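Only one chain is shown below, in structure tokens, and it's the form predicted on its own.
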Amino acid sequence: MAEVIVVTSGKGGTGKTTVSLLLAKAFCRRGKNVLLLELDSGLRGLDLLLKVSDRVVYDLSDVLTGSCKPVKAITVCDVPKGNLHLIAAPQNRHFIPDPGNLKLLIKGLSECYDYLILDTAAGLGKDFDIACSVGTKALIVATADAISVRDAARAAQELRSLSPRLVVNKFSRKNLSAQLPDLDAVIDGVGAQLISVIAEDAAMARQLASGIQPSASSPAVCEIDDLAGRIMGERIKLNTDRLK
């Protein structure tokens, strides 16, 4: 059965979707079969980042309303082993998944994959609650700013049954403040156990925006590869030399 990883953030702009995408690719490089399930209704984006938007015919709403079978909504993505798949978010921003139907879908998909990664909508609304109800693990993606930390702390409280782990993204020491003077203050502010610190990487962000696969030597890509290993149970220490 697959691990169902809920990736959330509290507020938007933390890079949650980028982390979801690169984590999925990192699992694939390790030989795992991965499905990205996009839950951000009305704000579909993973299909563009994966350059498969022209292949997406059906989305999550079509599956959950019975308009098509799940296999019709699964898009195979261009990774070397063909082991990364996507179910895109609905275009209708008002669509809210039925919790019971989503649970049944997750249960069925779990028999076909090693990891299901649920890229949630920003915020703590109904979609967030539904995603929490079907997850087996949770990652909270936050940046080192006061608003992100406060909202991530609220998400951590809501996710406490899943023992959420904290991913500090876009980290740069030059962006720290009197309110959050160091990494420890960020961790304490969120109140979740740290699992990864991803360095600010402007070059990687530009590459992704242009549809270019980031370099394997990118500090952010290297850290997310280590994150995948930690989730899989490998003992990998944080490499603080990557942090600026």
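Given the structure is predicted, the values throughout are model-derived calculations rather than measurements. We number the residues from 1 along the sequence you see.
Below: the form predicted together with a small molecule, not depicted.
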Please name which of the stretches 65-73, 194-202, 29-37, 50-58 has residues with heavy atoms lying within 4.5 Å of the small molecule in the predicted bound form.
194-202
With a 4.5 Å heavy atom cut-off, would you call residue 122 a contact of the small molecule in the predicted bound form?
yes
At 4.5 Å between heavy atoms, is residue 85 in contact with the small molecule in the predicted bound form?
no
Whether residue 229 contacts the small molecule in the predicted bound form should be assessed with a 4.5 Å heavy atom distance threshold; does it?
no
4.5 Å heavy atom contact, residue 165 to the small molecule in the predicted bound form
no
